[in-house]
Ligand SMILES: Cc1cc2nc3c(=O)[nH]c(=O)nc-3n(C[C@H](O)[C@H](O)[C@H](O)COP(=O)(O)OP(=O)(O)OC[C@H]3O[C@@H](n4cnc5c(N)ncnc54)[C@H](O)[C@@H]3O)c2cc1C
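The chain below stands alone, shown as structure tokens; this is the form predicted alone.
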């Protein structure tokens, strides 16, 4: 049997590693296809743009990661998936047949969804935009108006909060007297991970005298001016606005793959709702149980998908399921960091248990996680 994995991020790499270990002594073939030759540890990128890390510190070569578990690596662009024929079309019209397929190419920034956003904001999703953002941040001066926010449709607002607090810390460190304004489409700050997180963030913003706006949607962005759908406008000289997400181009070019803006509906087993031999993990998926999209969530999903494929190869029913859970850490600038968890409560009537803590310890936990994760993959 041949298992093809599309994507070299958290979801794809962890699926490959898990399957590689499980199928090490078998005749099954595992192939990972990715457009770039390296794995990028995206949680480090907010540190990179504020000159707390080097970009090279956040990347590892995929071939070396996969080699140790016997997974083949192909560096090519995916053009189309043909599920009726169990085929993937790669660049140069290369055809790759599969018995099982894992789609793990992640969610891509959909800047075009909001008029003017692409031309008038900066970001840190990939290497090139991270470099440009870092260069622009170095040009910020006293008197500048900085706008940071999360657009409607962005599934991971955690990044916008990290950018907000890291920017505040950077300005203090550089002794730059510039103003910051924050906005989000959420009804409350980071509301999907719990009330404690929301109240903590609101308290910190009030203490720092950073104005913030909730439950607002971007209509359009002009040079140095943001327009909201409620009629409010905000001038700015520099902006970091996280956009909505969409799936990879090849998903749109695959007429037999059901999706919403490139995001694929899946069962809790991580099988797509159309094709039982196609799985999807990471930011590419749509499922009510996935309340927080992150590298940690993608890894959990990857392990579930790998377990279920392994069960299928043994002639058993895929039974491992993703359970509604959120676990994460984020930077809070001068306030250290925050760790949060939200998981099902089986003991009393409350549907979920929510916990959060802030301070130096969560910051050190995130640093330790970064070091451990990159060490683990080497």
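Here the structure is a predicted model, which means the values were calculated and not measured. Numbering follows the first chain given and starts at 1.
The discussion below concerns the form predicted together with this ligand, not included here.
- The chain is drawn here without this ligand; in the model of the complex, the stretch among 64-72, 51-59, 306-314, 26-34 whose residues come within 4.5 Å of it by any heavy atom is 26-34.
- The shortest heavy atom separation between residue 281 and this ligand in the model of the complex is within 4.5 Å.
- Within this chain, residue 338 is remote from the site of this ligand in the model of the complex, having no heavy atom within 4.5 Å.
- Among residues of the shown chain, residue 156 is one whose heavy atoms approach this ligand to within 4.5 Å in the model of the complex.
- Interface residue remark: residue 122 is not counted as part of the site for this ligand in the model of the complex, having no heavy atom within 4.5 Å.
- Each of 12, 46 and 104 comes within 4.5 Å of this ligand in the model of the complex, counting any heavy atom.
- Among the residues 275, 111, 250, 98, the one placing a heavy atom within 4.5 Å of this ligand in the model of the complex is 250.
- For the options 298, 226, 81, 197, the residue carrying a heavy atom within 4.5 angstroms of this ligand in the model of the complex is 298.
- For the stretch 71-97, the set of residues having any non-hydrogen atom within 4.5 angstroms of this ligand in the model of the complex comprises 76, 77, 78, in sequence order.
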